[in-house]
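As a starting point, one isolated chain is supplied in structure tokens, in the form predicted on its own.
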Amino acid sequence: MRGAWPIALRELSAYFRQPAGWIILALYLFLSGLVFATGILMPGKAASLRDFFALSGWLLLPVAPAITMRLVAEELRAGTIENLFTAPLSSAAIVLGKYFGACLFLLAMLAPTLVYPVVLRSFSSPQPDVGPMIAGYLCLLLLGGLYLALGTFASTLTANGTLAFLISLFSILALMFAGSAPPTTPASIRAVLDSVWITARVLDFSRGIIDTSHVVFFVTASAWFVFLSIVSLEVRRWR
């Protein structure tokens, strides 16, 4: 684990050294700001960030795959992965370092949105409850962690960053629409699809409901994709 943090800090600094990182940051802040300005900060609207949090899955959809697409794929394409393999680093340390770096960038990306509840509480009467806002930001962190874990796994599967982006994007969409299966779907399959359906969980968080089962799902799913990333990288190490 000691080797993971230098990699995480290197990845975090890489996002801010490259134009792509600033573009990703600007894209998310533009989309979230648009939702806040046109859907929430309007006369007659309820003083609530529920719409912002309910749309969090869609707001993170284009940016999370962009954050993770180069994590491992770029190392594979450039051949620099061999430097990591020959260093005294385990596959777990490499994957965790890159995943933690992406998570730190996610935190930096979400930090400016903390101005939204400040503005809402400053200009709204009555003031909105703090509880639903805490639940909403917890949702953003858990959902973002899952998206990044899935994207990290996708990045270990190919040396093509664009392909990694598409794998991550469509995998996330599959999780978002898993509960929209047709009525003819067998009950056993529908039960599985409903259990991995993230849209309903996000809506619960946006209403201020912190369900322990939702928290466990996001943490477990994120850990599972990180584990798959470690296995995928270990296979490449010994190939």
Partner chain sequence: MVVAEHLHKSFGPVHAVRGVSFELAPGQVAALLGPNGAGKTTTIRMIVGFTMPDRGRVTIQGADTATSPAAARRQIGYLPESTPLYPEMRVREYLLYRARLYGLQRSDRGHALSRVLERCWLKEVANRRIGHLSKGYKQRVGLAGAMLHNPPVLVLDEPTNGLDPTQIRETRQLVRELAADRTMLVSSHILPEVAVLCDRVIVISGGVVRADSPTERLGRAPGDMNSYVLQARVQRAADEERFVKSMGNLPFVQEITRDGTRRQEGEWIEWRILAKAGSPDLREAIATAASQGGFLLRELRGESPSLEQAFLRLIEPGSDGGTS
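Not measured: the values here are computed from a predicted model. Residue numbers count along the first chain shown, from 1.
Keep in mind that the form predicted together with its partner chain is missing from the display, and what follows is about it.
- In terms of contact with its partner chain in the model of the complex, the residue from 78, 119, 163, 107 that brings a heavy atom within 4.5 Å is 78.
- Site annotation in the model of the complex: the residue of 89, 142, 103, 159 reaching within 4.5 Å of its partner chain with a heavy atom is 89.
- The three residues 14, 82 and 237 all sit with a heavy atom within 4.5 Å of its partner chain in the model of the complex.
- The stretch from 211 to 219, 224 to 232, 20 to 28, 6 to 14 that comes within 4.5 Å of its partner chain in the model of the complex, counting heavy atoms only, is 6 to 14.
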